[in-house]
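Before any questions on how it binds or moves, here is one chain, the form predicted on its own, in structure tokens.
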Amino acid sequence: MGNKLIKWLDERLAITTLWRVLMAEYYLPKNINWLWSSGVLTILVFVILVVSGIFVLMYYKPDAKLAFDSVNKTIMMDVSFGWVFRHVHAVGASIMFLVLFIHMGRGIYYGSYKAPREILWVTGFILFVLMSATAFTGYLLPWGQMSYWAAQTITTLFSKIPVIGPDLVIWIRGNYIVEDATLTRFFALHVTLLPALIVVFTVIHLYALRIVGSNNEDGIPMTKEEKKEKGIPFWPVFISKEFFVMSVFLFFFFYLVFFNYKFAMDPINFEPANYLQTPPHIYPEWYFLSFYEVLRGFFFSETLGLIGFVLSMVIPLFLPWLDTSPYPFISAKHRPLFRIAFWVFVADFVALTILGKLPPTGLFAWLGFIASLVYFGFFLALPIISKIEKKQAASGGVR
């Protein structure tokens, strides 16, 4: 019966061909490390977020008068194991960005954005933006004090856009302030449109990956024949390693869920939103702190701060065209100057994240300004580094 069913489906959906193309005859280079598992971990965490989100959605009330109690009373105390699903969802949101940063950092270090993988990088970057939008809309839903005022502050930024800014803010909020209409709009985006777009672009991203194939630590391109001779099949060899990494990851994930979940929940957000009491220091979740610090870094000009904030989110998209270094200068393993710049960039990103939660006054304000300049300096230095490496390639000085 099983064979007949498979044959019946194969005649109509070509599932055998699909399995062969996507799994059995898809080969990966041998010289890759555990960082290549960060991609499948993002899919795993997204699935966890969707499943836990569905359970939370059953009891959540997208109403300004009911939202806070529906989360902190109904879900956390009245529903059996409701606190588990809320912790899973909150921890999952934070871990998603940790995995995304590792995944994108791996791509930058090993040159996975370079030709012919530009579409792969662009779709991956769009997924990062969509994940950010999903996290931002979800942050307002508990209707706590910090989430409310963070939404109030971030949406106010759009008012700085010439001509359409003030009207755009009202359209986003559905009111002159963050109110019940804003909560309803953010809820609709968070549970419908944004997840659907994430699924669509994930499919496109994986399709682009299957076309060009995975990169490797050396960044050396391989033909289809070389991949088949020297590579390892995705099924069953590589997928077994993926399952091992996912198992270890899940131990770490559920340790955080049950024993250290507080890092994903700001204590101030356990206070209901108060329109009349502004927190002394407003800040977003940790995964937005670096970009938020760029916004505050240009403290002497709100316009420059807004421009810097937008550019900080957009400029990584153009990485494939800023870095024009020729083959074999693809992986940072063979690019000493780029390797130094990369680790300076990582250290600067961490510094921006730390500074983003500190008051933007005195020394902290100037450190934020310097760190913001270093952030942009990495991308602006790539054309110069590329020219140096082109000269090295022309002179034969390749490591």
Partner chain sequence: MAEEKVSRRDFLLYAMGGWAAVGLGGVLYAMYKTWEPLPEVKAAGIVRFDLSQVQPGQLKVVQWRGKPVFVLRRTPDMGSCENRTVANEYTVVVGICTHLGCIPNWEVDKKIFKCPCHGGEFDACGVNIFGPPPKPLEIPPFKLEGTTIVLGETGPEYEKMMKG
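Just so it is clear, the structure is predicted and the values come from calculations on it, not from any experiment. Numbering follows the first chain given and starts at 1.
Just so it is clear, the following notes concern the form predicted together with its partner chain, a form of the same protein that is not shown.
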item: Complete contact of 115, 121 and 299 with its partner chain in the predicted bound form (any heavy atom, 4.5 Å); value: no
item: Heavy atom of residue 74 within 4.5 Å of its partner chain in the predicted bound form; value: yes
item: Residue 78: touches its partner chain in the predicted bound form, heavy atom cutoff 4.5 angstroms; value: yes
item: Residue 85, heavy atom within 4.5 angstroms of its partner chain in the predicted bound form; value: yes
item: Non-hydrogen atom contact residue 243 with its partner chain in the predicted bound form at 4.5 angstroms; value: yes
item: The single option of 345, 26, 366, 55 touching its partner chain in the predicted bound form, heavy atom within 4.5 Å; value: 55
item: Listed residue (158, 235, 318, 327) with a non-hydrogen atom within 4.5 angstroms of its partner chain in the predicted bound form; value: 235
